[in-house]
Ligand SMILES: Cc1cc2nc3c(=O)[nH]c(=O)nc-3n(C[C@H](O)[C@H](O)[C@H](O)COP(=O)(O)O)c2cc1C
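Here you get one chain, nothing else, as structure tokens; it is the form predicted on its own.
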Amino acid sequence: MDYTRLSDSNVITEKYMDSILIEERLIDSVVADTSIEFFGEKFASPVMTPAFSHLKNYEGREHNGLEEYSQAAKESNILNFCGMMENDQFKRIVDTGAKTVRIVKPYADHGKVLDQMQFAESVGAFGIGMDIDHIFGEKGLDVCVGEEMAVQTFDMLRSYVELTKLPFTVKGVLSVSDAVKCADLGAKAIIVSHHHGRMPYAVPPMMILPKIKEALKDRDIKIIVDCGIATGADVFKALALGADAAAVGRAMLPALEKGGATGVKDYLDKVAGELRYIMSFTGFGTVSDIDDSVLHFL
């Protein structure tokens, strides 16, 4: 996509990510293992899918894009996320067999929030969460696909955590302040994200990530990063800066549109393979070994 505003958060994020370079450490290195444990389950890699919403049926295929990329996540054995949708659509995603975290929008209709979270748990969701960076719009509160959003307080978010036995994820964290609040209210994961640049001049997720990691040390909470993640190198940088995992986003759409579940699986496996390649080149045998000692900033 061609961005023309130098202030665009996505341009800023891309430039920051590209300013991070990686040194080689080859002697005594081995072929790396990309597997991770997340919420008590083992996955093939720390590459995760984005919480997409409202994807169509591409090229007349039977299943829509949400269902196709969920099938790919199952086949690649990675954690799957999905976003705004009605319950019947979420059930079809669960039926793919993918371990899926449902990210619910902060609806003004509080009953709808509770219903979608409770439904997700009842049909076998792997986790639930909320997308807090969709609260505000340019005219006040956001309206998304005709649904008005609402301000979310610490106590409201904590009530959702207490509503379920599933691990709760807060998506749209972009400050130490919000990250600490998420840990305090009992969330088990945060997604460090500016939601593809919803706010102008948003700090790049990878720039704020080390501060968030330091603030959450010794806390029982996972850190996921998204925005601009497209390659194994991007994932590696996120892990080295303190993330536990990284979610690809719009970069996987061409593979989805053209190749469906097979195309997405090939793309996800390619990203995981690139991550393994860089881990091997830098002397890190496992994901938990990765640190920022190999990073250099322009």
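Treat the numbers as computed from the prediction; the structure is a model and nothing was measured. Throughout, we count residues from 1 along the sequence that is shown.
Not pictured, yet referred to below: the form predicted together with this ligand.
Given the stretches 261 to 269, 24 to 32, 227 to 235, 39 to 47, which is the single one in contact with this ligand in the model of the complex, using a heavy atom cutoff of 4.5 Å? Heavy atoms within 4.5 Å of this ligand in the model of the complex occur in 227 to 235.
Is G127 close to this ligand in the model of the complex, meaning a heavy atom pair under 4.5 Å apart or at it? It does not: once this ligand is placed as it appears in the model of the complex, G127 has no heavy atom within 4.5 Å of it.
Exercise: D142 in contact with this ligand in the model of the complex, heavy atom 4.5 Å: No - in the model of the complex, heavy atoms of D142 and this ligand never come within 4.5 Å of each other.
Flag A255 as yes or no: does it have a non-hydrogen atom within 4.5 angstroms of any non-hydrogen atom of this ligand in the model of the complex? Result no; A255 lies far from this ligand in the model of the complex.
Touches this ligand in the model of the complex: T286 (any heavy atom, 4.5 Å): Judged by the heavy-atom cut-off of 4.5 Å, T286 is well away from this ligand in the model of the complex.
Taking 4.5 Å between heavy atoms as the contact cutoff, choose which of I103, A120, I190, L79 touches this ligand in the model of the complex. When this ligand is considered in the model of the complex, the option within 4.5 Å is I103.
Who in 52 to 71 is close to this ligand in the model of the complex, meaning a heavy atom within 4.5 Å? F52, S53, L55, in sequence order.
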